[in-house]
Structure formats: C-alpha cells, structure tokens
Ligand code: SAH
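Starting off, we have a lone chain in the form predicted alone, written out as structure tokens.
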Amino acid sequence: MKLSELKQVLSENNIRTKKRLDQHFLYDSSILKREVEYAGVTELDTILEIGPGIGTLTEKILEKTENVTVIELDQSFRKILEKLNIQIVIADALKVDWEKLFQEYETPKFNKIISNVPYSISSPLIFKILKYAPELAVLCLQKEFAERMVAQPGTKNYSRLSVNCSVRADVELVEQIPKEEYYPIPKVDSAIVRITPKPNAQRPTPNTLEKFDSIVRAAFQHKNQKLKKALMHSWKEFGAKQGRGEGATKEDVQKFVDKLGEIGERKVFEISADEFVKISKL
C-alpha cells in the first residue's frame, strides 16, 4: 500500500489517528509480507492479530490463510475490517481472556500471533504471550524494546524482560524497520521479532517459576547492585513469595541470601537466566 492510499482510506472513513492509542500504521507491502513469511503461515494455521487498524497486515495474512481473528480496541476501524471477512473482536487485548476467547466470541482457536504492536502495551502483551505460549508469535515492536528482549547478560540492555524471555521462549530479532515506514511517523524505529515459546517440558516447574518471577522482579529493581544487596533491598517483595504463611521475615531472607555464595557477589545484570532459575530452585 502506498502512503497516498493509506491516507485516502483514513479520509474516506473519517478516521483520525489517536496518539493516546499509539496509532502508527506500517504500510509498506513488502515489509508486511515478510512479517507473514517470518511466521511461516500456511492455510492450516489459525492466526490472532492484535491491533489490526485498517487491516494492512491482515490483508497479507489472508493471502495465506482464511482463519484470522483480530482484536481491535478502536471501534472506528470495524467498518473497514468487516470488508475482510474475518472474525472481529472489539476489545482490549490485554483484558480479554484468551483461554475463553473461543467460547465467548465463538472464534477458532489460534496457534500463531502476528501483530504490529502499539508501543505502549508492548511489555504486558509480551508477558501475556509468554504465559499463553502459542506455537509462534511474530511482532513488530519498538526497536529498543526488541533489543532488550534478546539482550545478553552483562550488556546495557539486559533486563527483567531479557531474563523472562530467555527462560520462556526462543526470541530472534529478524529485521529492523525505519520509522519512516509508518504513518504518522513515530519518534523511534521498530524491529520485528519472532518468538517461539518453549514447551512446558523445557520450562521450569510452575512452583519454580513463581519463585523465579519474584526473585527476578526484586533483583532488577536494583540492576547495578550486587545480587545479595539487591535482594535485601527488596526483601519484602521477595520474601512474600516464599510460601511461608504471610511471608518470610527479613532474617529469613538474609539467611537465604547468605547461602548464595559467589553468585551473590555478582551484579544483577551479569547473572544469566539459567542462574536465576538455579537460585529459584534453592
């Protein structure tokens, strides 16, 4: 789609982009086509697209499969999307229970997610995808956010997000997208990532994951400190997740932290996801 064509569609439907909803439309047909190719979509796949807008990406998905459900927050796009013969859910993708989506909205169960994600919902959406664990997800995100997803220990972009992605999925940054490919032009460039959630057999047990989440969340509140010090600074949040009634005391947490040994003396941003899992198992 050309920029002039996109503007015409918006004009004909009396649609003005909403800044509060991060409405920036990626319109280059070759990039949109590659997004679908990165997901390896075939006619046997059932796709969930989040935030389709006027349907530029949706049209490319439909070239590969007819089984498409979209979740769109903005009611003003409904009339455009209805022309595509797809299942439309007007709702907040973060609030919709994906497990019940099929019953409540009578949609087919999806196995892949493709989305040009509104920047403001990137973090909660990623965590929801990692929890739901579809077969595959291909997302276009803010470039800096995408780089944090694949960051390695010891680098400036390494974060709680990096650790969680590493434990729960294989994530690849497959392409960078200049901001000029969007309308309206955002302030930052974007990047496409391909997420392949790990099967349950390769993930830590649910009990370990609960501990893992609390430890990582507590530790990365003080990313540049030594792990021992970081955990003690966040001991209430960390201790409350230890399954001891109303929560562990500061002394309980201190005893645990003292047993960490050498790893406790290293800075939080230097510790790998596997090492955080080992700590969680303790």
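Keep in mind the model is a prediction, meaning the values are calculated, not measured. Residue positions are given as counts along the sequence shown, with the first one as 1.
Note that the form predicted in complex with the ligand isn't included here; everything after this is about it.
> Of the listed stretches (210-218, 45-53, 251-259, 230-238), which one has a non-hydrogen atom within 4.5 Å of the ligand in the predicted complex?
Stretch with heavy atoms near the partner: 45-53.
> Does Leu141 make contact with the ligand in the predicted complex, using a 4.5 Å heavy atom cut-off?
No, Leu141 is distant from the partner.
> Would you classify Phe77 as touching the ligand in the predicted complex, given a 4.5 Å non-hydrogen atom cut-off?
The answer is yes: Phe77 has a heavy atom within 4.5 Å of the ligand.
> Please determine whether Glu99 contacts the ligand in the predicted complex, using a 4.5 Å cut-off between heavy atoms.
Flag for Glu99 set to no.
> Is Phe269 close enough to the ligand in the predicted complex to count, meaning some heavy atom within 4.5 Å?
No, no contact at 4.5 Å.
> Pick from Ile71, Ile113, Cys165, Val193: which residue has any heavy atom within 4.5 angstroms of the ligand in the predicted complex?
Residue within 4.5 Å of the partner: Ile71.
> Sort through Glu82, Glu135, Asp92, Glu104 and report the residue having a heavy atom within 4.5 Å of the ligand in the predicted complex.
Exactly one residue meets the criterion: Asp92.
> Honest question, do Tyr158, Ala273 and Val277 all end up within 4.5 Å of the ligand in the predicted complex by heavy atom distance?
Not one of the three qualifies.
> Select from 13-27 the residues with a non-hydrogen atom within 4.5 Å of the ligand in the predicted complex and write them out in sequence order.
Heavy-atom contacts within 4.5 Å come from Leu21, Asp22, Gln23, His24, Phe25, Leu26.
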